[in-house]
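A single chain, nothing else alongside it, follows as structure tokens in the form predicted alone.
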């Protein structure tokens, strides 16, 4: 299985890296906002570093859509996994347009209403998962991932 992992740098990337036991035996590539921490943590990975910021800037996020469409067509992942933030929006939309299943994992520190990214991408995703039971109210069609931290 070929997995596309999409995240903003910082905490979102750190959380996706915690899924390593799940993805370590699969072919994968990363799409991540560029930054020193991202380059450090993904030095040994196949990573595409994208300019930012896209968080809370919908027009900036949409300018990434042509790149997302091209990259997913070239790399042809079997599934796209993201936990946000803004970079997730164009890539989930591109996955949907390319008929690539997408999974959104709401970050565990987001308790209460759905995140900005979650509200935008959850309706487009094939699966929504959460790891804090209190997130069920925000994502009633989602599934509990279990504790990850």
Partner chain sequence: MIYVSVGTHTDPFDRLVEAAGRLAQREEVVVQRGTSRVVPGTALVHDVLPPPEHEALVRRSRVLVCHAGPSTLAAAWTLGRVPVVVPRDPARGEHVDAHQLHYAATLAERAVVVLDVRELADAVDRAAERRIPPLGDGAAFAHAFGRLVDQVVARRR
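Numbering follows the first chain given and starts at 1. What you are looking at is a predicted structure, and each value in this text was computed from that prediction instead of being measured.
In what follows, reference is made to the form predicted in complex with its partner chain, a form of this protein that is not presented.
Looking at 119 to 127, 85 to 93, 61 to 69, 43 to 51, the stretch with residues near its partner chain in the model of the complex, meaning non-hydrogen atoms within 4.5 angstroms, turns out to be 119 to 127. Among residues of the shown chain, residue 27 is not one whose heavy atoms approach its partner chain to within 4.5 Å in the model of the complex.
Its partner chain in the model of the complex comes within 4.5 Å of no heavy atom belonging to residue 31. Taking the partner from the other structure, its partner chain in the model of the complex has no heavy atom within 4.5 Å of any heavy atom of residue 138.
Contact check for residue 133: no non-hydrogen atom falls within 4.5 Å of its partner chain in the model of the complex. Looking at 77 to 108, the residues that come within 4.5 Å of its partner chain in the model of the complex, counting any heavy atom, are 78, 79, 81, 99, 100, 101, 103, 105, 108.
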